[in-house]
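Same protein, same chain, two forms; see structure 1 and structure 2 below, as structure tokens.
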Structure 1
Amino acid sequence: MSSYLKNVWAGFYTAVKGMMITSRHMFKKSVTIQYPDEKFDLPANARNKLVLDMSRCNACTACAIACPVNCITVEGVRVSPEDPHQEVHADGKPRKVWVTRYEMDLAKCCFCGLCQAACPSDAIKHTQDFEYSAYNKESLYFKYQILTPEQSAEKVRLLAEFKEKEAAAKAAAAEKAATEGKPVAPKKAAPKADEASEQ
């Protein structure tokens, strides 16, 4: 009988104690927020999703070299002087390299910020966006290049043609100089060992 009464008292006491704790916290200011309707403000230097400004990128590959997990792939081709489509960087200078490939695998990214620090043109930056989870890894593979594969192949072809013309012009100039009989300046012979010692 006594154990029964003790159990009844224990149940009543724990219920009252629980209600007292609940009533004490009921009128306190809430420390939680209703995510995702409410969100905390992130610091300005938060390192979350990476984004690339293609108008600034010059395909220098500094970000890919600095990346410790090899999640960035960069390829570029020099702009041919005969390219009809010339472009200007965000800083107003003419583009010297076309970015034919810029891909980033954010499934590998460790958000270290080394790519952002290495970029000389401030093209790659961390944002405050952290809500980009996906059901498959392919959704975390981002392709930032603007040129299509066909356009990239065209840029490569234009540069190859320009190099061929340049090489042909140099060869023609050398042949012309040879046929006109322009004397080639002889190389000065190095002094012999005994002559050098006498001097």
Structure 2
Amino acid sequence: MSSYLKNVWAGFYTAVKGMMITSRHMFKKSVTIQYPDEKFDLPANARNKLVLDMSRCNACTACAIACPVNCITVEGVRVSPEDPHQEVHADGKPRKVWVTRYEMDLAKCCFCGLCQAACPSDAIKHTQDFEYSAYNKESLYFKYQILTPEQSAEKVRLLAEFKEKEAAAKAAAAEKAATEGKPVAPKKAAPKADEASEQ
């Protein structure tokens, strides 16, 4: 009987005590951060939206290889030395490769940061921007380009032309060597041409 009454009292007492605790919290200042008006400071290494700096990217595909979910597609074409349109990277070095296609699907990305670690030129980076939810999935499919499709077709054509020319020159040199009976070191023409265009 006494344990029964003790139980009843304990039940009542604990309920009242719980209510006292909640009443104490009722008058505390709320800890809510009212999101659109005030924002929580993100840590500096927060990994959110992926952003590519096209002036740095040289289409080395290190990010595409490092990506565990294969959400990055990179295609590049070498800069033809005879191309009249030469460009300089953000760090002052001349651009050697045109990026004809760079696409990343942030609807698949798992925000692991491996591409950021693999990138040799700090082109791809996780930013602190997370406010880019979308009404359709296509707007989460990010396409970066510095060249219009026509321009990139032009670049591809220029390189092909240059390669043809080079091959022709090589063939001519080989013919010449065959006639003179001397072996010619292959691949000499191309670097020379590169250097020439750089200077």
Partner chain sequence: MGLLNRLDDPYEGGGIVLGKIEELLNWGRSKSDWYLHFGLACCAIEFMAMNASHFDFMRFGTIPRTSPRQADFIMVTGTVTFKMAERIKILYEQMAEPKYVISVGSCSNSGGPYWEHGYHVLKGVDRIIPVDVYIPGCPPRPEAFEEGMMKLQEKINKQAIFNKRKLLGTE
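Just so it is clear, the model here is predicted, and its values are computed rather than measured. Under this definition, the rigid core comprises the largest set of C-alpha atoms superposing within 1.5 Å between the forms. Reference numbering: structure 1, starting with residue 1.
Just one question: which structure is the form predicted together with its partner chain? Looking at both copies of the chain, structure 2 is the one that matches the description.
Going between the two structures, are V99 and N70 in one rigid part? Same rigid body, so yes.
Treating the chain as two rigid parts, how many degrees does the smaller one rotate relative to the bigger one between the two structures? Turning angle of the smaller piece versus the larger: 46 degrees.
Fitting the two forms on their rigid core, what distance in Å separates the Cα positions of M19 between the two structures? Here M19 registers a C-alpha shift of 9.5 Å.
Could you tell me how many Å the Cα atom of K29 shifts between the two structures when the rigid core is held superposed? Superposing on the rigid core gives a C-alpha shift of 2.9 Å for K29.
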